[in-house]
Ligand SMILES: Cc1cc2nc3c(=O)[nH]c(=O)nc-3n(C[C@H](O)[C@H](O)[C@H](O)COP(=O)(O)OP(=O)(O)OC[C@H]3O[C@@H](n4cnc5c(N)ncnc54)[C@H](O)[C@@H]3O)c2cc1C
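Take a look at this one chain, the form predicted alone, written out in structure tokens.
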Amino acid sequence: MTELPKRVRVVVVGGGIVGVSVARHLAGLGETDVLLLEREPMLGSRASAASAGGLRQQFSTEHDVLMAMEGVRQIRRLAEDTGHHPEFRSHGYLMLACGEPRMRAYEAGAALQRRLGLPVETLSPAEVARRWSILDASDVLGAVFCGTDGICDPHAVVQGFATYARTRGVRIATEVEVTGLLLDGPAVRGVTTNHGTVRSEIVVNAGGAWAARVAATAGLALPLRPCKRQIFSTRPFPLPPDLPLVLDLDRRFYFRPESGGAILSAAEVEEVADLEPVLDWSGVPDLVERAVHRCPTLAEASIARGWAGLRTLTPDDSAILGEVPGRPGLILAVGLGGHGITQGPAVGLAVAELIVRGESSALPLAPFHVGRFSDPPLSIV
């Protein structure tokens, strides 16, 4: 049976990219009286493992752009900081627009991103066709491209952060399920688990798709929506290895090169009740049709395998971070919407600074506060 400490200063719930990032940055700031709990046998085996490994910095709000930029900065330094090489490939993200509303949104976003220091280009259909002749841009109105976006190995990031935390004294326990938040009046003062109770001054809920269930044990109703994410990979076929990740939200799919072939996804946004997703092949013919329309060369490929995971959305597609009104001792690090690999490193730093220093200098937390939601922003029952 796993032996847990009776008391620590900080309990982190969740061993995906966000949880291990919080642990890594707490250790980096000198706070090592930390216990990270993961319900699975391996760290990062849920949403982080099901990730496409994309690192996108092109977001529509300043706070999301800054968070993504900090995340990419940390991942570029991962090998130097932790000894784990992230296999970062800076091939860029090409985001296509087939209608005026999306193109206007992309143009406005590109102006913001350039102001914040991102080298984002706005491209015409002719420029898209010239630079990436493998794509069919005949129905494209325009595009944006950021060459410092890219992809990495999510497993390396998770393990790098976990190694950094462990070597500095942070305790990490797997196969431990948090069954409840421990209350002392209105304050959260620890967790109950299938291996006993651990008391703490602070609990960080970084439980991903399970975060709402964890919060509900303290009477909190969080506005989180778990959605299934499915990704399919092809067998090797001729595809330029330096092709960017191509995102076509009007046709709701994306693809990128991987291991001599490609991976592709329909970018689903349907909410699911089952947090144990099962791969569904029924939508593959439609996905392939959309993919071949955009990249005719994909007709030569054959699907080899697929996998399913979860991403957790919020009503405005930005994360929920920071303290919780009416529940002192509880800090949220949830709702990253499938962008955890990009944003998780920055979230971990901001949350760690909040715990150790009382405020975050790395990232403004106010825009991510749960209080921004209405009707009501947060229910305590």
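Just so it is clear, the model here is predicted, and its values are computed rather than measured. The numbering used is simple: start at 1 and walk along the sequence shown.
Here the subject shifts to the form predicted in complex with the ligand, a form of this protein not shown in this document.
Of the candidates 322, 329, 337, 28, 337 is the one whose heavy atoms come within 4.5 Å of the ligand in the predicted complex; the others do not. Contact with the ligand in the predicted complex, defined as a heavy atom within 4.5 Å, holds for exactly one of 257, 142, 109, 309, namely 309. Residues of just one listed stretch (134 to 142, 171 to 179, 101 to 109, 294 to 302) have heavy atoms within 4.5 Å of the ligand in the predicted complex: 171 to 179. The ligand is not drawn, but in the predicted complex it has no heavy atom within 4.5 Å of residue 316. At a distance threshold of 4.5 angstroms between non-hydrogen atoms, residue 342 is in contact with the ligand in the predicted complex. Although the partner is absent here, residue 146 is not a contact residue: none of its heavy atoms lies within 4.5 angstroms of the ligand in the predicted complex. Looking at residue 354, you'd find every heavy atom of it more than 4.5 angstroms from the ligand in the predicted complex. Along 17 to 55, residues 17, 18, 19, 37, 38, 39, 40, 46, 47, 48, 50, 51, 52, 53, 54 each place a heavy atom within 4.5 Å of the ligand in the predicted complex.
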